[in-house]
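The chain below stands alone, shown as structure tokens; this is the form predicted on its own.
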Amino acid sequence: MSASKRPSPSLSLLLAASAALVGNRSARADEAAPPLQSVGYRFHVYDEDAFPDRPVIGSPQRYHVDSQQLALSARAGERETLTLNAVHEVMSGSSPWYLVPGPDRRPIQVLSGATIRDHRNAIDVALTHDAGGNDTTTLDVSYSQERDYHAAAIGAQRSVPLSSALTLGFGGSLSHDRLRPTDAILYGRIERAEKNTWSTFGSLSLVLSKYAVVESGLQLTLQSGYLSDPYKLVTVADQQIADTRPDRRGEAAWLVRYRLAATARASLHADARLAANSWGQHSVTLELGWYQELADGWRLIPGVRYYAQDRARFYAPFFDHADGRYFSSDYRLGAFGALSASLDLRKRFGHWELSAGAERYHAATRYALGGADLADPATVSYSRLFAGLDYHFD
């Protein structure tokens, strides 16, 4: 198919949205098409804001991550498509360690004394069978490795048309993670640990008209094993003890997606997600995106996102008494909210497609659900830039 005869982005996205809720990769049975469909490269730069005030210990600089990604899509049969994604990341910076009470009991952050440097390599391979009529089955396997962390996962998902306007999606996944913290004996950390994650989902996608699609789905997730962070401490009374969390965590999440082809050259994406877990946390995510096709093969995609959560039952910046079994001052378990804005620009040159974009993410405890008694200075704000190049063989 020539570039000039490709369907408009609005129509393509609208048709894709009528598939199952969790990202299907559909394949077309076309014997004349080349075996290799597309290959792409992305480079991401992720940079967290430094602390405005110098912490008690350690550098105020936070995580910086350079990431490279290679993506490939190829036909594996008349109705099968094989996709591969490989990622290499280089991470550096200091990590929040624990908090201590300062003047007026305002939390003061203590960071890791040494600058962290690590690498992560990950690969994901998926095989999709397209039976036609939006009936697809996908099998997925992935593996991720860091110096102290290994994770393997397998999953499957199915999309089944119930009628010309209604599609059922369902699936599940299982992952197994192994942890061997560095300097375990020196810092009294656990020497090795494991955890398992089971997840399942179901969804319904309804075509409202030739211009609009709505999807709704439910996802259930259960984690078990070692769920604490071996690199974090928490201040209890006058001592720093190891971060200690329950060994089980269940979560239910409800997601609604709406896609509208507003014009022949533009579409609106609106997503909402509500979640609750057994650690006492609730969260909400609202996201809007606008896909605008411009002249001469240009495409512009601005987006905004709001996220907010309340705190886990066993979270506090610090604890005055050793009451209870679980203690954590990890900011990720605290109450906070975040606003982000992104911009993605793409340009098609025949078979080539160039992309570039940026995201700004700002988090603060004042955006949290129900507010927060004490602001956690470790709450992350970051900037992200990316650029990429794809080659489409169709």
Partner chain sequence: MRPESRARRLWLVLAAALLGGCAATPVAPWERGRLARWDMGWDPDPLQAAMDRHSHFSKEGTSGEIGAAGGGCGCN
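Positions refer to the first chain, counted from 1. Since the structure is predicted, the reported quantities are computational estimates derived from the model, not experimental observations.
A second form of this protein, the form predicted together with its partner chain, is not displayed here; the remarks below concern that form.
Shown alone here, His321 lies farther than 4.5 Å from its partner chain in the predicted bound form, counting heavy atoms only. Proximity of Asp243 to its partner chain in the predicted bound form: non-hydrogen atoms within 4.5 Å are absent; the residue sits far from the partner. Its partner chain in the predicted bound form is not approached by Ser59, whose heavy atoms all lie more than 4.5 angstroms from it. Although the partner is absent here, Leu369 sits close enough that one of its heavy atoms falls within 4.5 Å of its partner chain in the predicted bound form. A heavy atom within 4.5 Å of its partner chain in the predicted bound form is found for exactly one of Thr136, Gln309, Thr81, Gln109: Gln309. Scanning Glu146, Asp247, Glu191, Glu194 against its partner chain in the predicted bound form with a 4.5 Å heavy atom cut-off leaves one residue, Glu146. Heavy atoms within 4.5 Å of its partner chain in the predicted bound form are found in exactly one of 234-242, 98-106, 180-188, 149-157, that being 149-157.
Within 4.5 angstroms of its partner chain in the predicted bound form, the stretch 202-216 places a non-hydrogen atom from each of Ser203, Ser205, Leu206, Val207, Leu208, Ser209, Lys210, Tyr211, Ala212, Val213, Val214, Glu215, Ser216, taken in sequence order.
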